[in-house]
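Same chain, two versions here, written out as structure tokens and called structure 1 and structure 2.
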Structure 1
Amino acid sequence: MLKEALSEIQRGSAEIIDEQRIEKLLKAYFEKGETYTVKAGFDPTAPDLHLGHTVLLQKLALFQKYGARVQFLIGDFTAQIGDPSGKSATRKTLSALDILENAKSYKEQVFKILDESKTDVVFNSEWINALGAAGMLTLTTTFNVARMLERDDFDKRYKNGTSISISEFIYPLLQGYDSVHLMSDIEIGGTDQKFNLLMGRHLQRAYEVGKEQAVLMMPILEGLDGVHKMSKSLGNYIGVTEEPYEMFGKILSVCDELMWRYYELLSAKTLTDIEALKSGVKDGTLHPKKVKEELALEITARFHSSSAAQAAKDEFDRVHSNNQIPTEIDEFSSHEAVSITKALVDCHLTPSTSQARRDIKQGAVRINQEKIDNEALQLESGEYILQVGKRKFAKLKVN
């Protein structure tokens, strides 16, 4: 059992620091029933999570299966500074109201994956506010500027003469202090968080809490393009609050190679089960699309329900296999003739008229299931089914 647990915990990880400590904690759980704590911090910088965020949540849920109590830390204080990791410029600060609203949204979403009975949701403003000026000064004495500048993003910005605020130096110290206050046994995060994660170990030593947390780093999940980090700003994301049909369709759109990456980092299937699927695809007994559908069903069901996932698949098959219109689409109206580019924007099918023109040039736009290539087309009185790509539909009535 211990060997299996370690194998599942190692699965998909990019790097583990002090793996022996993790093994010792697991052994104590299996032999004595002793629990331990695993911390992961999330700064509520946006209201919704996407599948990239859930890579960590899946790993936290796995630790819960093997005896851990999860410390789901919402960085409501540190979000006011902004994590400088990987940034080439100082980040804009968020308002307290935005942070509170985003934090509320996070709490509603994470328990689609985590076991609420084994999770402590904590806010770091609680102990950082209590730290006070004297405590903050003491914290700053635990690390020097020369070592801070060893951090890759700080080093590049310093050499380029790009501004680095003092608050950005404070950020990793505060994240590390979270581990001091919580006395975390393990902390997990993305590979871009390595400096901050190691700070937790350093400060646990400096404050003599009697332990040094192990660190597990997960790779950054690629978005739908298979190249860049999943990001809302890049438009290559799958949001956990998206409608079942949209979520199912987006997962099916990933390339076959990326599918296995998603299986490894997102699926609850065991490594043995995934290897069996790979073998089936390789020897031709399983079609890649069928395997991808299985993944899409699993993930869609996780954030909605099994019935909603199956309904999404049935609708997807109906629309794409039989070239039909979805049963439910948003309806819009216009009281005057409107250009096709403006109509696509008004119906929320494209973000801008320039993107609409690009979609038309690429042959991605259809009206009443007929492909169009005229960017200057005017829609006169009548009803139109507008379509962009394979999944975006809207009904427009022009009076």
Structure 2
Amino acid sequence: MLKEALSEIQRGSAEIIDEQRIEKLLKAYFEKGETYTVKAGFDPTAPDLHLGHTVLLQKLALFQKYGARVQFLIGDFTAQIGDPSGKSATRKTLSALDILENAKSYKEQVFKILDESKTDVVFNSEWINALGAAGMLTLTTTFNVARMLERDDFDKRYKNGTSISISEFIYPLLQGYDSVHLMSDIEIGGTDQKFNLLMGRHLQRAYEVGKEQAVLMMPILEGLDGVHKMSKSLGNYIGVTEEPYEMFGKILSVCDELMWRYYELLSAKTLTDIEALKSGVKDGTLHPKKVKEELALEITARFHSSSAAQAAKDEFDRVHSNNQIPTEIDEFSSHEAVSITKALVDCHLTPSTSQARRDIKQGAVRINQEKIDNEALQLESGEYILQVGKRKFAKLKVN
């Protein structure tokens, strides 16, 4: 039992620091029913969760299954600084109202995966504001610049002469202090968070909390392009609130190699099952597309329902495998005859008439399934199914 739980927890993780401690906590839970806390921090600026976030969330949910209370921390204070991990993007400052608003939509999405009754949603501004200047100063005495500069991204930036703001030095300290205040037993985060996560251990020691949190790091999920990490700003993400059809289609569009990665990090299948699929594909008994469909169905069903997922698949087959028109298309109408180029823009199929003209020239545009090449075409009254490329459809009524 304990072994099983432990191996489930290890699955997919990139690195675990102080694994013995996790084992002890689990043991205490199994033997005495003792609970413990697992902390994970989230940025209040991005309320749109995508599958990248769910890798962490699923791990948290797993901990909940084994006796953990999750400390779902919304870093409303730290967001004002901006995490120096990875890219340094300048942050917009959020109003208190925005943050509350975002937190609300977070909750709606998060509890599709997490058990609400075993989750505490907390905001770090609460205790960091209470810290005051004196407390902040004390915090800074626990660490020094040389060690801060050991951190890889700071090191690189320092050597490159890229600017590092003092407030960025403060960021990891504050994140670590969160662990002091919350007395977390375990903290989980992405591999890019390693430094910040370890800071929690360091500060718990410095503040003599009486324990040092174990740290579990999950790999960063690659986005649809298979290269960069999944992120909203790169546009390579699958949002958890997306429509079943979109979700299904996006998962199916990833390349085969990435599919295995998604299987490992997102699927509920056991590792042995996944291995079986892998070897099936390898020796040709399983078609990779089938395997990918299965994954797409599983994930779509998780955020919607299995019937919705199945419907998405049927629709997908209909449009893409059989080249038929989707069952639901956006409809537009016009009161007078319009040129084809204008119609394409009006129906949001192309961003500009210039683009519309190019698309026609390239043979991308179809009306009622017929490819057209006359860019001066006028649409007289009637009903038309307009199509650009393989994916974009619209229905236009001209009166």
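Residue positions are counted from 1 along structure 1's sequence. Here the structure is a predicted model, which is why all the values come from computation and not from measurement. In this text, rigid core is short for the largest set of C-alphas that superpose within 1.5 Å between two forms.
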Is the form predicted together with the RNA shown as structure 1 or as structure 2?
2
Taking the rigid core as the reference frame, tell me whether R205 has a CA displacement of 2 angstroms or more between the two structures.
no
Take the rigid core as the frame of reference and indicate whether the C-alpha of A14 shifts by 2 Å or more between the two structures.
no
Would the C-alpha of S117 be classed as shifted by 2 Å or more between the two structures after rigid-core alignment?
no
Once the two forms are fitted on their rigid core, how many angstrom does the CA of V388 move between the two structures?
5.3
With the two forms matched on the core, what distance in Å separates the two CA positions of N374 between the two structures?
9.2
